[in-house]
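Okay, here we've got a single chain as structure tokens, the form predicted alone, with questions on binding and movement later.
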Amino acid sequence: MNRILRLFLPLALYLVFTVVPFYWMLLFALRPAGSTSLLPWPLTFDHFDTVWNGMGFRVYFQNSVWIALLTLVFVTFFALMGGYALARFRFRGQRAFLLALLCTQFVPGAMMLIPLFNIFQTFDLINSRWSLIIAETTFQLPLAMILMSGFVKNVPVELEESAMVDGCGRVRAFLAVVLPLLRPGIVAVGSFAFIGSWNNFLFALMFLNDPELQTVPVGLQTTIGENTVDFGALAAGGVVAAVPVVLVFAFVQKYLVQGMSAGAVKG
């Protein structure tokens, strides 16, 4: 009995701590304004209609999707090239380079704001979606390269050498032999890039001023007034922001676990 309590009581408490905020958000999003019911009944979707059509979340959602997808493509592409080079080639200063990549993860995004803002202002990229895509790609690429190098190391180099003996060049051997075996790594790195870009608030707030270019995290703050808060709209906006992330985790969670452990095992 004591063993069961020690095992299941912490799990039950953790489950409550995790699930209750989601239930509370759904409750406020689905019940009518002013209701104090602990159940979402009578069911209403008025809050979703308000945020989607009245507060511009339809535009915010489209912007977030495009920015997150393009960030995913760029991060995955450059991580494939960088990760392959780190895993297959030896060069002077490689350990120092890997250490530098790792150290970039300790740099908070706020410290990059001023240099990035100056660079984007020079190239007239402020108030452009490309500023956010470039900033997100730059911020996420070091970790993506480290993770991808771990996946490449898991592919036996003998397979690649056999293809090269049969007449393939290095590029063709990579495309025909290595790339298909890197699907778990591509999915993991792409998922991390998509989720990181989707959730980023700071860069979107600083680099995008036009409401027509804003993303979902920045749009959520429009539901909070100076003296009042529309809790129903805020909760509905939170559900809209959470749905893509939950779907990504649901479909690729096993690859995400591999991605988190690959660098630790082979790095």
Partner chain sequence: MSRPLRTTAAALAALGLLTACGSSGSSSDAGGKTTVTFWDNNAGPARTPLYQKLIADFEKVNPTITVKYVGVTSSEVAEKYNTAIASNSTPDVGGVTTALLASLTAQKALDPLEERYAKSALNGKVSANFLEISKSASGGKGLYQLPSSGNQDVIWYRADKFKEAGLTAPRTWDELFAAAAKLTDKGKNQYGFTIRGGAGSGFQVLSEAYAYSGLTTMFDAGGRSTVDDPKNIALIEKIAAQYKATTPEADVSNAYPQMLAQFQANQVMMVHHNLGSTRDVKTALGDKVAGFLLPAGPDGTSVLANPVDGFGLFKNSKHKDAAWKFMEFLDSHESNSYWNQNVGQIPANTEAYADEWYTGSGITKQAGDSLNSAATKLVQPPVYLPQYSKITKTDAEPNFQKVLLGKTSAAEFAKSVADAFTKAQADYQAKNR
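Keep in mind that what you see is a predicted model, and the values were worked out from it rather than measured. Definition used throughout: the rigid core is the maximal C-alpha set that superposes within 1.5 Å between two forms. Residue numbers count along the first chain shown, from 1.
We do not show the form predicted in complex with the partner chain, though everything after this point is about it.
Q: Given a 4.5 Å cut-off on heavy atoms, tell me which of 153 to 161, 188 to 196, 107 to 115, 137 to 145 is the interface stretch with the partner chain in the predicted bound form.
A: Of the options given, it is 107 to 115.
Q: Here the chain is shown alone; which of Leu202, Ala33, Ala242, Leu26 has a heavy atom within 4.5 Å of the partner chain in the predicted bound form?
A: The option sitting close enough to the partner is Leu202.
Q: Residue-level question: is Val59 within 4.5 Å of the partner chain in the predicted bound form, judged on heavy atoms?
A: Output for Val59 is no: heavy atoms all beyond 4.5 Å of the partner chain.
Q: My question is simply whether Pro42 lines the interface with the partner chain in the predicted bound form - judged by any non-hydrogen atom within 4.5 Å.
A: Pro42 lies outside the contact set for the partner chain.
Q: Whether Tyr84 contacts the partner chain in the predicted bound form should be assessed with a 4.5 Å heavy atom distance threshold; does it?
A: Tyr84 lies outside the contact set for the partner chain.
Q: Indicate whether the partner chain has at least one heavy atom within 4.5 Å of a heavy atom of Gln94 in the predicted bound form.
A: No, Gln94 stays farther than 4.5 Å from the partner chain in the predicted bound form.
Q: Can you list, in sequence order, the residues from 164 to 182 that come within 4.5 Å of the partner chain in the predicted bound form, counting heavy atoms only?
A: Leu175, Ala176, Leu179, in sequence order.
Q: Classify Gly225 as shifted (yes) or not shifted (no) between the shown form and the other one, where shifted means its C-alpha moves by 2 Å or more with the rigid core superposed.
A: Passes the 2 Å threshold, so yes.
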